[in-house]
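We begin with a single chain expressed as structure tokens, specifically the form predicted on its own.
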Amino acid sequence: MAEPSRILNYVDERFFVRDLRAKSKDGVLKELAEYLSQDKDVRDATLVLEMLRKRESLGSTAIGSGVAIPHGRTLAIASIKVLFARHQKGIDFESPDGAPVHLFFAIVAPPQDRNNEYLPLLGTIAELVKEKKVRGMLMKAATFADLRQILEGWGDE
């Protein structure tokens, strides 16, 4: 498993979304793709959205406890990006526990990443959000600095 602080190599302030506005699962996917498209490395936001939708059609990326990790590989991006987003009210994301999803970590990667970081990142994020305390802190994170502090401090206890 990768160190949680390594997530910070792939997320920056542009990819900290404090309050998603979407009212549906597809609306969340659209919003995530729009935020990701702000990066100059994203060649085509439409392809990113199509990839996220296609991945969700195979099965929800919601993992329970109010968390989803939409992810996939696409030619539309040159390097791995991670976006953190929160939805205060929660969205039905077809979670295995039936609970609304509040926390989203979107991971998009090129078809091949040189350092094979994609799957370890996915595993690290899944491990991170297993802890109720961490989920609580993520729900309260008001700024990117708060997110950074959570990721840097996780596992220190």
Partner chain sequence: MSDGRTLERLQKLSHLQDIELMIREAEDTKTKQREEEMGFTLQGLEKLRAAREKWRNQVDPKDLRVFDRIAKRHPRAIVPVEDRICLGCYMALPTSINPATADPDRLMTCENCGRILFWLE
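Source: prediction; values computed, not measured. Numbering follows the first chain given and starts at 1.
One more form of this protein should be noted, the form predicted in complex with its partner chain, which is absent from this view; the next part is about it.
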Query raised in the report: Hey, in the model of the complex, does residue 44 get a heavy atom within 4.5 angstroms of its partner chain?
Result: yes
Query raised in the report: Going by a heavy atom distance of 4.5 Å, is residue 132 a contact of its partner chain in the model of the complex?
Result: no
**Report entry** Proximity of residue 55 to its partner chain in the model of the complex, heavy atoms at 4.5 Å
**Finding:** yes
Query raised in the report: Is residue 59 close enough to its partner chain in the model of the complex to count, meaning some heavy atom within 4.5 Å?
Result: yes
Query raised in the report: Among 78, 112 and 123, does every residue place a heavy atom within 4.5 Å of its partner chain in the model of the complex?
Result: yes
Query - Contact residue in the model of the complex, from 36, 91, 128, 69 (heavy atom within 4.5 Å of its partner chain) - result: 69
Query - Contacts with its partner chain in the model of the complex, stretch 81 to 104 (heavy atom within 4.5 Å) - result: none
